[in-house]
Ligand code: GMT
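We begin with a single chain expressed as structure tokens, specifically the form predicted alone.
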């Protein structure tokens, strides 16, 4: 049997819509589309711009831009309606079997409207994947909650990236429909530069490279991250690299106040994240809430152990004291002490890193996760 064909049926035509900006949902959706295409499926991305990390190199991947007009009639430009029209158009012209939406609002709501525009025989199945904000933010907003609930109720299937998020969705939205937990995956690209080249670029000699990657949203608590590293002694033993999926400038004054100008290196909107992951020694994550934390998994793939707040879905990714270390949320002193221990104890650091890499390969690889999405699509289409 052709290795690029899935085991549960023939190729499908799949539409994917996600936020194209830097963030875990966009990264997951992009990599999922690439993996599906490599398995023989036809994949159509529908969004206002190509997803941040999407590679348009496969003949099986297509991108359909949504044009947003800023009419004076509207106080704010509308995205949902032109998105729904484009979804209907692509579904009709390319005979899509499935529309896979990453986030209920506005993507699944647009997909439901798009499907209603089509005759019954042309309507694709709708799969909605929850990544967190639909539940933890919009699900608590009375202006959005009914729309999120409606989108989930009308979807043909709903998935969540963690058991934590599944429970939160059931509780916050009072949603009693089925939610299948399909964890995130990460398949690293081959780094373009060596570890030594990257360390030279960062100005490192013998220092440990501490690592953080996020979109810098308030829940990531960059203030706690900076406070944590300011406590790590001796200072000359480390530097912190922040891969920022956004503007870091609001945090520069805090960095100066803590005297960290020479200790913290910031790189914004990095596409080749693997170059830096291979150079990292210890990951630090101070979030007050996470549905999964893809950045931890990315570090795990490169045998980089992480120290993280014990919140949300992170315990589904890290096994404490085995593949990473937990500290209570907000305890910057304990997190600094844990980092100092790993800096001083290379044998322990390397053992945890190897265990983390093995877990990433056996529990969260593309070969494990992508077939679960394929099976879901085929169940809906058969």
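Residue numbers count along the first chain shown, from 1. The shown structure was predicted, so the numbers you read here are calculated from the model rather than taken from an experiment.
Below, we turn to the form predicted together with the named molecule, even though it does not appear here.
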property: Touches the named molecule in the predicted complex: residue 212 (any heavy atom, 4.5 Å); result: no
property: 4.5 Å heavy atom contact, residue 92 to the named molecule in the predicted complex; result: no
property: Close approach of residue 24 to the named molecule in the predicted complex, 4.5 Å, heavy atom; result: yes
property: The named molecule contact in the predicted complex: residue 186, any heavy atom under 4.5 Å; result: no
property: Candidate site 132, 220 and 293: all three near the named molecule in the predicted complex by heavy atom within 4.5 Å; result: yes
property: Interface segment, criterion being heavy atoms within 4.5 Å of the named molecule in the predicted complex, picked from 285 to 293, 264 to 272, 221 to 229, 74 to 82; result: 285 to 293
property: Interface residue in the predicted complex among 251, 302, 238, 103, criterion: non-hydrogen atom within 4.5 angstroms of the named molecule; result: 103
property: Listed residue (161, 280, 87, 98) with a non-hydrogen atom within 4.5 angstroms of the named molecule in the predicted complex; result: 161
property: Any residue of 350 to 382 that, in the predicted complex, places a heavy atom within 4.5 Å of the named molecule; result: none
